[in-house]
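Next up, structure tokens for two forms of one chain, structure 1 and then structure 2.
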Structure 1
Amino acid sequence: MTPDNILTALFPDGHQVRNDKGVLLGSATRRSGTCMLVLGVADRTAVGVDEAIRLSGHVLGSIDRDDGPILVLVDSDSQRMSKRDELLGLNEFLAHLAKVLIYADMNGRPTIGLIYGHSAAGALLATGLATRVLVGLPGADPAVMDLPSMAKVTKLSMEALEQKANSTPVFAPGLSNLAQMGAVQMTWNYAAPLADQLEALLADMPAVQDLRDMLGKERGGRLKAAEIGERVRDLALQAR
């Protein structure tokens, strides 16, 4: 799927989203005639300092000027792994992008992430995982880390890792595994018009509250997170 196909299917009434070296910036017209801010990463582009600052700037420029929801399209590589990006403080640039998206969402600009291709690690944290609702499209293949890097860090062989990846949802890459964790709230399909599925979600957006741990528990992917978080919260409220 190309970003053009996705955008045309999402916004049959037209869009003004430009793809500049894998960075998507613009806006689009919804079925209702209202405007929606659009940004994202396309063509499996790595997210480095140069990409992140443009994406965050696009959202910040819109906060005072416009209203309405924000769509974040995701088909990226991981964060850009380079000496230059780390030298310049990539962690701050990625955190800043996530912060801007979270701020917008908390202040009347509901955010939706749509992962239609790849993404990984820090790039996913700064984009899709920083939105209120992350939606997957069939064929998307998010991964926290590629297997060669994992092999290096865990000191396990590629064979052993691939074997475990087939049997372990908590560790294995893939859309359905992330959905089971509660990270991807829903998966759309190409059988129905994407524009209809987008409008249906916008008409029924969940409240501004992070419920991903509860979702992960319901779906059996993370049986402990919600309970541990809740217990610590209760103890902390009593301890003050």
Structure 2
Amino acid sequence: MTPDNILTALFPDGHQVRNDKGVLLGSATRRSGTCMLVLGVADRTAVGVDEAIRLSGHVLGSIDRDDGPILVLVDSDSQRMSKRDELLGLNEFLAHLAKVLIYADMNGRPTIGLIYGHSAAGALLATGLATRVLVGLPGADPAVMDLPSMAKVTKLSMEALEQKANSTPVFAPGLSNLAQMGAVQMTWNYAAPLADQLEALLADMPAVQDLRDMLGKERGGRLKAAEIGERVRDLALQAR
């Protein structure tokens, strides 16, 4: 589905979201009549310093003005691989975007990520994975790192990585694997109205916490993260 189709399905009462060279910015009217801030990346656009600062500015500009939830739509490439972006400090811009979304969520603006296309690497970390809840749509194709890139970093052969990907979700791209790891909390479907599924999630948001590590353990995709995280937390409390 295109961003326009998805936005129309999510917000049948109307939206004011514009697509400017792959950057989505605007707001939309929920079924309840209240407003929801909307931002994101479309058309498999790479996220560079320009895109990151526009997205974070959209959120920061609404902090004192609005009080509703925030939706982040994601269909991106990875972070922009350019000398200009790297020299300008792309890692800091991506970190800033992630921290802005986390700050908003911690201060009464529940954040939901919705991945409907592709996304990978730093672009995924700074958008969908920086929200409290990441939802997938059928056909989405996320990847923390694709296998050719992973082969370059790990120095393992493609054959070895493909074998690992068949049995270990951490090595495998795709929506089902990220769901098994707990990164994607749920997958919506097109059989029911997207607007209804959005409202059902928003109704639960006060109780929904970031439980990616626990979900990964329950689903068999990340067996150690929850335990290690708990041990680190206990050690930190003991050292206070």
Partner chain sequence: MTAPLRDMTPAERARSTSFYEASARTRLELLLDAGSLIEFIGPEQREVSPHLRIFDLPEQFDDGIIVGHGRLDGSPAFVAAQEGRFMGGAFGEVHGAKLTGLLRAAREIGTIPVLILFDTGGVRLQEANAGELAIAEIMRAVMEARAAGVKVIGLVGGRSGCYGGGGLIAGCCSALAVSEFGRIAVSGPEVIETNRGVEEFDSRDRALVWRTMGGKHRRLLGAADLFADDSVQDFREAALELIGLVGPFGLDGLKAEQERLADRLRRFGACLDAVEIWTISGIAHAETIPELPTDQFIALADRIGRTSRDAR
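By rigid core we mean the largest C-alpha set that fits within 1.5 Å across both forms. All residue numbers here refer to structure 1's sequence, counted from 1. Quick caveat: nothing in here was measured; it's all calculated off a predicted structure.
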Notebook entry, point to check: So which is it, 1 or 2, that shows the form predicted on its own?
Noted result: 2
Notebook entry, point to check: Would you say E86 moves between structures 1 and 2, meaning its CA shifts by 2 Å or more once the core is fitted?
Noted result: no
Item checked: C-alpha of M106 moved at least 2 Å between structures 1 and 2 on rigid core -> no
Note to self: I want to check L161: does it shift between structures 1 and 2 by 2 Å or more at the Cα, with the core superposed?
What the structure shows: yes
Next item on the list: Please state the CA displacement of L235 between structures 1 and 2 in angstrom, with both forms fitted on the core.
Entry: 3.1
